[in-house]
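Coming up is one lone chain in structure tokens, specifically the form predicted on its own.
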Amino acid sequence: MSIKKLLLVLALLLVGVTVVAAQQEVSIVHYYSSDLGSATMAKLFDGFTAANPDMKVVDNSAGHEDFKTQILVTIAGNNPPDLFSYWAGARTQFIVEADRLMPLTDFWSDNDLDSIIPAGVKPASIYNGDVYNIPMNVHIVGFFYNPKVMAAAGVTSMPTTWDEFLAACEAIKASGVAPIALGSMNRWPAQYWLDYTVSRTAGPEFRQQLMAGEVAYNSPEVATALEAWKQLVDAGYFVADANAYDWTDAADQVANGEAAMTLMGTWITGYWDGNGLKPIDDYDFFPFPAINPDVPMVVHGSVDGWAVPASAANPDGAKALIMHMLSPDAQATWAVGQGALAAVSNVDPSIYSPVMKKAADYLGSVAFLSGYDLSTTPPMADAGLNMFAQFMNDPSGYMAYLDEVEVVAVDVFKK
């Protein structure tokens, strides 16, 4: 090789090195570590780097349960990621109060996010008057059921009242199938039973007061709610040994006909779709029925979003990645792949399956409240989740459990 050619090759190599060295790293920590979540997230990261070749995403996903503790330790340290996924609600508020998050109010305004994020979702972003959490998707919780099991039991119209729900459960049980699957091994799947029984009996305002420590856990209102839940357990409507199963086990029990339905978030549709089930044919959705017709109906769920640590090394890169995540194409990819409702209003509604369209329509018809462990402080949520697991082991001791949890609430909320 001539000296001239050698110098040309070396120059090209140096240019390549320079390009690589000039890449900005955007470090991210998220809890989408399942096969389904990580594969879909990887598609979004690939799209971002293709559009931004000067940036490189450093992905540090964590298991859902491990993440809850790991991220708090990381944020409290001196080397946080540039961006992390987090649940809107009390968990975000907890970190805001510790002054560990960067306000994103100007970012929201500069990018006119009011034009694409629905007004009903925006409150999940605001804490102490500023924006700290940018929504990625919305999930709602309701009953997801096996239509074939329901039809075999003679349940052809889904219940809208508590009496109709009890009648449906009795018919399903008589057909030889467990009416309700619940996988509360990790505690959190049981929380929605308290959410809905309290909201449907004492009302959403009381439920919010309970989350804020303004009313007592051992109050008559909460006892009435747990009595409604206990009624179902005592009647044998749940699959036995709920605490021995995870939520995916409960989903499998419904899918294979061992149980008729499960109270779960819309993410279950992503799980089922990934396993080859077909909406309407293999699974469908109906909202939690009314118990007290005099209280307003609400839907419980979660808003997953993105937060930027106050000491992030590359906040500009984090913001660029957020904007990519909010693009219609990225939102469509994520919603379909994750079994979620998009956080933006400009996504093509045809992306939704008929079942997810039902969920989206219901979300648009009632007020939205976050689930239990996203609506109260982490220490309080931990005590409550322990109580729900106790309850599923032995619901007869529910008043003692409520007394014990109220002792924690007195300490947490300094009553």
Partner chain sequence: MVKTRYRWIVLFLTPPLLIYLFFVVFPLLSSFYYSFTDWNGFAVDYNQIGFANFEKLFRDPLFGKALTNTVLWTVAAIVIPTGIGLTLALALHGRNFIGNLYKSLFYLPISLALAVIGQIWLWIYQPDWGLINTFVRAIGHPEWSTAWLAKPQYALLGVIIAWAWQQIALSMVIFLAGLTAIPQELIEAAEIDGANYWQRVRHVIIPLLAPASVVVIALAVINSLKSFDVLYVMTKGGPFHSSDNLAMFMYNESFQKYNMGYGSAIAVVLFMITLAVIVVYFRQSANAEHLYD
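Definition used throughout: the rigid core is the maximal C-alpha set that superposes within 1.5 Å between two forms. Residue numbers count along the first chain shown, from 1. Bear in mind the structure is a predicted one, so any value in this text is a computation, not a measurement.
The discussion below concerns the form predicted together with its partner chain, not included here.
Of the candidates M158, V177, I75, M297, I75 is the one whose heavy atoms come within 4.5 Å of its partner chain in the predicted complex; the others do not. Only one of A389, V366, L369, A360 lies close to its partner chain in the predicted complex, with a heavy atom inside 4.5 Å, and it is A389. With its partner chain omitted here, the record of contacts in the predicted complex names 185-193 of 143-151, 108-116, 185-193, 312-320, defined by a heavy atom within 4.5 Å. Using a 4.5 Å cutoff between non-hydrogen atoms, A212 does not count as a contact of its partner chain in the predicted complex. By the criterion of a heavy atom within 4.5 Å, Q231 is excluded from the residues contacting its partner chain in the predicted complex. For Y283, no non-hydrogen atom is located within 4.5 Å of its partner chain in the predicted complex, even though that partner is not displayed. At a distance threshold of 4.5 angstroms between non-hydrogen atoms, A202 is out of contact with its partner chain in the predicted complex. Highlighted residues T40, K173 and A332: none comes within 4.5 Å of its partner chain in the predicted complex, counting any heavy atom. Residues R91, F94, I95, A98 of 84-99 are found to place at least one heavy atom within 4.5 Å of its partner chain in the predicted complex. Once both forms are overlaid on the rigid core, the distance between the two CA positions of K357 between the shown form and the other one is under 2 angstroms. After superposing the rigid core, the Cα of A212 is displaced by less than 2 Å between the shown form and the other one.
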